[in-house]
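A lone chain, given as structure tokens: the form predicted on its own.
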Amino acid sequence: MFEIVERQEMAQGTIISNWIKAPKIAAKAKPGQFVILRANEKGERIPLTMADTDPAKGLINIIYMVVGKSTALFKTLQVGQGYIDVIGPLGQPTHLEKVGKVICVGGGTGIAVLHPITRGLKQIGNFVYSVIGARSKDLLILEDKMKAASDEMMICTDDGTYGHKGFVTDKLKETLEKDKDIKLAVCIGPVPMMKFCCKVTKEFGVKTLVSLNPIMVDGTGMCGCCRVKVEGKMQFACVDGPEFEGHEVDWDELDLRLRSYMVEEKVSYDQFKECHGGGKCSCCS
């Protein structure tokens, strides 16, 4: 068992942070890499990019939003309990290099993925702008950590309850217009957000990294489930990614693939909520 040693409910309890004891993974993990977790023997395998690591303590941090049965099951795990499987580190780490000025854009739980990358880019000497956003102030996460990892930070909320009222693309475009020396953008969040960030950066000719989250099974390139089309060629997000040049991604195909099991996912989640609401759930424990 991979024990949860620290647990925090964020953003109205819809976003959960777990620090998990996984010494071998913590010793090797780099920014941008992910793990695959399974709550129990009947659980689904879920890929999540690590938000942070503490090699000295042998810990890794994952942050996830409850959106379906498996993440709802994850939420039931408390400190002292744990995951039956945590496999990793998987995927290619972020290629961190000193390019001068960079802008890092994160939305929702994508901010958790963005944080170690932002910190790494600043540590090697880049000037880092960051833009983080959420639907509302109470759904914004890791503000203090992102501020510490940035030279200049901007906040956006869709409803205007905090920071700029509007989307992260507004501040992205504004910053690129103001500073023509920005050489790299890293944009991580929901697929529509990353897609439209790439449309903005393409206007300015700025290289843009995105982290893709297609449906994934084994995480080793064997099943082919996580294939994405990049520059007209099929790539596997688990071994070739999860990061790719955003201007080369076929966003429409990715969106279709993510919708493949929407009906089944909703049925499964509804059944979980119905049976778990009455106490201990026999179908998933």
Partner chain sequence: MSEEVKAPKKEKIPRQKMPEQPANERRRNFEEVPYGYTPELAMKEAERCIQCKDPRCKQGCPVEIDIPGFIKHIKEGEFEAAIRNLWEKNSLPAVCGRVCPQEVQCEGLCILGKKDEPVAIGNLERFAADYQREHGKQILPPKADPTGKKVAVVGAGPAGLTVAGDLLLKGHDVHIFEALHGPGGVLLYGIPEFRLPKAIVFQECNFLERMGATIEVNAVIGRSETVDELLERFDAVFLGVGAGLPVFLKIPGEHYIGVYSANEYLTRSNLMKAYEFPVYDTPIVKGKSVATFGGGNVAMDCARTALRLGADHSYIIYRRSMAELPARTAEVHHAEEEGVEFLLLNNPTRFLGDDATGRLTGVEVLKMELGEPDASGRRRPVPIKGSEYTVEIDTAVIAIGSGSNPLLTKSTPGLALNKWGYIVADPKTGKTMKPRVWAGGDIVTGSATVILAMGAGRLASNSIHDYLTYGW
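Worth saying up front: this structure is predicted, and the values here are computed from it rather than measured. Positions refer to the first chain, counted from 1.
Although not depicted, the form predicted in complex with its partner chain is the subject of the following passage.
Its partner chain in the model of the complex is approached by Arg45, whose closest heavy atom lies within 4.5 angstroms of it.
Put simply, Lys273 is far from its partner chain in the model of the complex: not one heavy atom of it is within 4.5 Å. Taking non-hydrogen atoms only, Cys197 never approaches its partner chain to within 4.5 angstroms in the model of the complex.
The closest non-hydrogen atom of Val99 lies beyond 4.5 Å of its partner chain in the model of the complex.
This chain is displayed alone, yet in the model of the complex one of Leu209, Ile87, Leu176, Ile155 has a heavy atom within 4.5 Å of its partner chain; that residue is Ile87. A single residue from the set Ile63, Ala26, Val35, Cys238 has any heavy atom within 4.5 angstroms of its partner chain in the model of the complex; that residue is Cys238. The candidate spot formed by Ser70, Val217 and Leu256 is fully in contact with its partner chain in the model of the complex: every one of the three has a heavy atom within 4.5 Å. Listed stretches are 78 to 86, 113 to 121, 139 to 147, 182 to 190; the contact stretch with its partner chain in the model of the complex is 78 to 86, by a heavy atom cutoff of 4.5 Å. Applying a 4.5 Å heavy atom cutoff to its partner chain in the model of the complex picks out Thr220, Gly221, Met222, Cys223, Gly224, Cys225, Arg227, Lys229, Met234, Phe236, Cys238, Val239 from 220 to 240, in order along the sequence.
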